[in-house]
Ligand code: 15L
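The chain below stands alone and is given as structure tokens, in the form predicted alone.
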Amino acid sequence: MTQQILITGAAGIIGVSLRDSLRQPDRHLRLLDIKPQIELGTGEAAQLIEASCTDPAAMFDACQGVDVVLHLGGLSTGGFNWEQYVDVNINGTYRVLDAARRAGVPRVVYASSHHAVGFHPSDTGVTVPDYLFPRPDSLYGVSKAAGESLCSLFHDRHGLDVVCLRIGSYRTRPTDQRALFNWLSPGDCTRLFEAAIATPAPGFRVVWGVSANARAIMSLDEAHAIGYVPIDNAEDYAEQINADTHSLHAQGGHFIGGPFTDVTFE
């Protein structure tokens, strides 16, 4: 039987990557974004949907017959005001969860962020636990913490399985000292989402989305519990990172959120 996966924010950086890497026989992708997307290739088992995750009717229609929703849609880091984050990231996440519930979708995988806990120290020498209490470093981080709370509510109240992935620095390669502990490679990102899709009966989970970094400070206990086994290591790029121009201190190195914790960041 063909597995139906709905990806919101499919035109974003991670969405575009997953569109290609999640391809499998007997799997069909529904790719939803408010922005124009790359046209479907010959034989590509997918459907393009131009809609906003804030539109309840569009989301309900998109969720029909879906096995899992990967909710990546929303405004990214910085450059937006409070009203915009509330409308798109918080209200949009509510609309996605509610549409999934009403359409009978059993599982949602929510792309959260390390910025939901960005004001926690990163230099204590103690492993950062999976369910670290929110201490957002920005309005963006607040919106992600709120999204996690909504996911928890929809699990406890409606029985929806939800896996919240606190994604680290997603890049092709790490480019600064902070990324040496919180990098998530494209390959490991795919492995992370595949694990969140496949793990049986996850309930409500909060999972760190980072690679197998030698300098990692985040726990991978919940990641391993859902079957995620990262293989990439930021340390392979350590010698290429200029310690003078990308110093850990200059990058807000005392906190998980790095430069997002600076008073000048918006």
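Heads up: residue numbers just count along the shown sequence, starting at 1. Please read all numbers here as calculations on a predicted model, not as lab measurements.
Not pictured, yet referred to below: the form predicted together with D-galactaro-1,5-lactone.
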- Students should find that, of 76, 152, 84, 172, the residue having a non-hydrogen atom no more than 4.5 angstroms from D-galactaro-1,5-lactone in the predicted complex is 76
- Message: At 4.5 Å between heavy atoms, only one of the stretches 99-107, 191-199, 163-171, 122-130 reaches D-galactaro-1,5-lactone in the predicted complex; which one is it?
- Response: 163-171
- Message: residue 113 versus D-galactaro-1,5-lactone, in the predicted complex: is there a non-hydrogen atom within 4.5 Å?
- Response: yes
- Contact of residue 71 with D-galactaro-1,5-lactone in the predicted complex (heavy atom, 4.5 Å): no
- Query: Does D-galactaro-1,5-lactone come within 4.5 Å of any heavy atom of residue 181 in the predicted complex?
  - Reply: no
